[in-house]
Every structure is written in C-alpha cells, then in structure tokens.
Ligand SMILES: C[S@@+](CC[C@H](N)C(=O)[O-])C[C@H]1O[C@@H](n2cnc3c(N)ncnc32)[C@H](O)[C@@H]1O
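Only one chain comes next, encoded as structure tokens, the form predicted alone.
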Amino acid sequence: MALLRAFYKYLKKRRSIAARFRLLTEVGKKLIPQYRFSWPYLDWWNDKPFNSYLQRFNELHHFNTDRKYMLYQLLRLIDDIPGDTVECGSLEGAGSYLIHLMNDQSPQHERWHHVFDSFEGLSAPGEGDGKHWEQGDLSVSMGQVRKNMDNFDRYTLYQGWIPSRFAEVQDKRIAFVHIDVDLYQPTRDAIEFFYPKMSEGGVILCDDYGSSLCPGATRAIDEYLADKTEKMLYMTCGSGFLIKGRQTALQLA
C-alpha cells in the first residue's frame, strides 16, 4: 500500500494526460507485459447521452464500455432494415435497454424486442469452453431485468434454456441479434436458429467472439459460418459481427 500511495503522489505531480499516460504504460509493462494500452483521446468517452445510459447501469467505468458502444453503433446500421430485434443472454438487461432505446428511434418499423435467457446463469460449460466459467455464473433474476426495462413496453422476456423457447418466434423476421451466452452450445443454437431468419442487411453480433475467455463461442460461430459467404468481423473490444448478405473477405494468411 505504501508503494501505491507513493506512486499516486508521483502521478499527481504530472499534470498533463500525456505525461500521466506514459507513466501508466511504463508501470503496466511491468505488471502485465502483454497488455496493449490505447490512447486516452477517444471522443466517444465524452458522448453525453451514451454516458447517461452507462450511468443508469453503473457501467461508466466498467471494462465493457467499448463493447456497449459498438453495440450502439452497430444498431445504427439497421435503421432501414425491416424486422425485430433479439438478445440471447441478457444479464441485467443493459444490452436490451440500449437495443430498445434505438428501436424507439426507428418508429417506421415498429420493432418488437425478444429477450431469451435462463435467468439462472450459465448452463454447465462443455469441454471446449475453457476453465473460466462455471454453471450458474452471471445469474440475474427475470424480475431485475424487467425492473431495468420498466421504461419500455415493446419487448418480451422468454425464460428458459436456449433454444427451448425459440420456436415462439419462428414466424418473425429479424433485423438484429445480439448473442451473449459465453458458451459453445447456446451460441451454436442461437446462430443456427436466427441466421436463416435475418433480413438482408441485418446484423448478428456475438459479444463473446474473439474473447479467450469464451473459446467455445468463437468456435461455434466459425463452425456454423464455414460454408457461408459471411464471416465474422473481429472488433478490438473482443466481439464480432456480420452483416447478412454481405460477403466477407478472408483474413490474412
């Protein structure tokens, strides 16, 4: 603690962000050599409406704010795409809140938002899901999600293990799907069901794609898309997305 206090006093003497950032990166290299810092000059950090949304869920300084911002930006792509929106894996409802917020700004389509979750946390991880997750992790009650969504009314919560209730939206046309279920099998079930229902130009976002904590989710997506023209586009925040009907070039060999 004494070392941390001394470091803090030293840091306070560096008035410019650039000087503080250089010092921070030097310390970071010692603690986590493989970590890659980003420049702290990002306009989206000052996006007041988006920051208000983050504050609603106490996520202003959370590690996943960049993922939430990319969710927000990708939702802008479907403004003229017909169809409903879907989230598989809601946690406390922050993603669904943002999706519904954007749906309300595109009234020409009168979208309905569909939320699928066990509300009992994760199912048992399989052999290919790594060692990070355990059954029951990330459990949030349906009541809590409903409370967080109390500003909205054009949505349905479907409680049950994926894909047990997917059949209830069998006849729906879909413009956007957010898959955030961390594990191989529910990720595979989600993309298998919703990919054929996507409108041309619709977006599938997998929150866990490219995260080393969720190797099963990445494998599930890649396996399903192996014979498809669309491939997932990695995002630097540790997620991936595709646009239905948009052929994607292969990655560098």
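Residue numbers here begin at 1 and follow the sequence given. Not measured: the values here are computed from a predicted model.
Keep in mind the form predicted together with the ligand is missing from the figure; the text below concerns it.
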How about residue 118 - does it come within 4.5 Å of the ligand in the predicted bound form, if we only consider non-hydrogen atoms?
yes
Would residue 103 sit within 4.5 Å of the ligand in the predicted bound form, counting heavy atoms only?
no
Would you please decide whether residue 180 lies within 4.5 angstroms of the ligand in the predicted bound form, comparing each non-hydrogen atom pair?
yes
Taking the ligand as it sits in the predicted bound form, is residue 216 in contact with it (heavy atom to heavy atom, 4.5 Å or less)?
no
Heavy atom of each of 188, 206 and 210 within 4.5 Å of the ligand in the predicted bound form:
no
Name the single residue among 122, 142, 81, 149 that comes within 4.5 Å of the ligand in the predicted bound form, judging by heavy atoms.
122
Of 169, 138, 157, 74, the one that lies within 4.5 Å of the ligand in the predicted bound form (heavy atoms):
138
Counting only non-hydrogen atoms, choose the one of 89-97, 106-114, 169-177, 149-157 that falls within 4.5 Å of the ligand in the predicted bound form.
89-97
Residue by residue through 144-175, tell me which have a non-hydrogen atom within 4.5 angstroms of the ligand in the predicted bound form.
160, 161, 162
